[in-house]
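One chain comes next, on its own, written out as structure tokens in the form predicted alone.
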């Protein structure tokens, strides 16, 4: 009977995924094998000659079939890496993108320079990845994270427990600012972060299958122009943000000008900056309140 070692499996899966045009073929193969064997990815290379048991092979075969059907590998293994942390995810929340780490970086920079011990609100928190990363980077910050999806918040709660942040991040279910009104007792936040749905209606139809078929439309679709949630956030942000506080938002690749104009029209911000990502696309807007 043919024996499959870790090295033989990894080599075969990488070749197979590349032939099927699976993105990041080696990383995907490593993640699947690591998950099934209960090993860290680096450990795979330390145990190349380890023979994989038949029951593990059967589990891998099923995952490989789902992977080449474009189901995101992060959903298959139930977690991903974000800001050097392991984050649990499920199909009830988006897979965190590397671009969102830039949002976290700007939030942590602002807190460290202006308000390290003050309150933060993370809207549309999903898996809680942004709130958890900010809390990990700013040990004195107290964070309220909201989302309209209770199933996504259940995943966020597991992530808080995993990173021992239950006492510093509070999860509230509701639409944008609605659930924080009673909690604040009138005290506004020093920082508000948000990575909202911003995919346009036309873009929704042309998304890659691994996104369109598997990731939640509620967390993706931002209306005809992708600006629906931004309009509501910007219209309602004033009473929730301190003077000198920052609103930091992730945006779509060509939405910078429109959102900057929306922020200007409120008359409440003294500084508005649109920042591009490493692909030279609009990605982060930072607005400082007067």
Ligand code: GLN
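Here the structure is a predicted model, which is why all the values come from computation and not from measurement. Positions refer to the first chain, counted from 1.
Form predicted together with this ligand: not shown, discussed below.
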Task: Stretch in contact in the predicted complex with this ligand, which is absent here, among 83 to 91, 212 to 220, 130 to 138, 167 to 175 (heavy atoms within 4.5 Å) - done: 212 to 220
TODO: Could you spot which one of 114, 142, 97, 162 gets a heavy atom to within 4.5 Å of this ligand in the predicted complex?
DONE: 97
TODO: Please pick, from 75, 189, 110, 198, the one residue with any non-hydrogen atom lying within 4.5 angstroms of this ligand in the predicted complex.
DONE: 198
Task: 4.5 Å heavy atom contact, residue 250 to this ligand in the predicted complex - done: yes
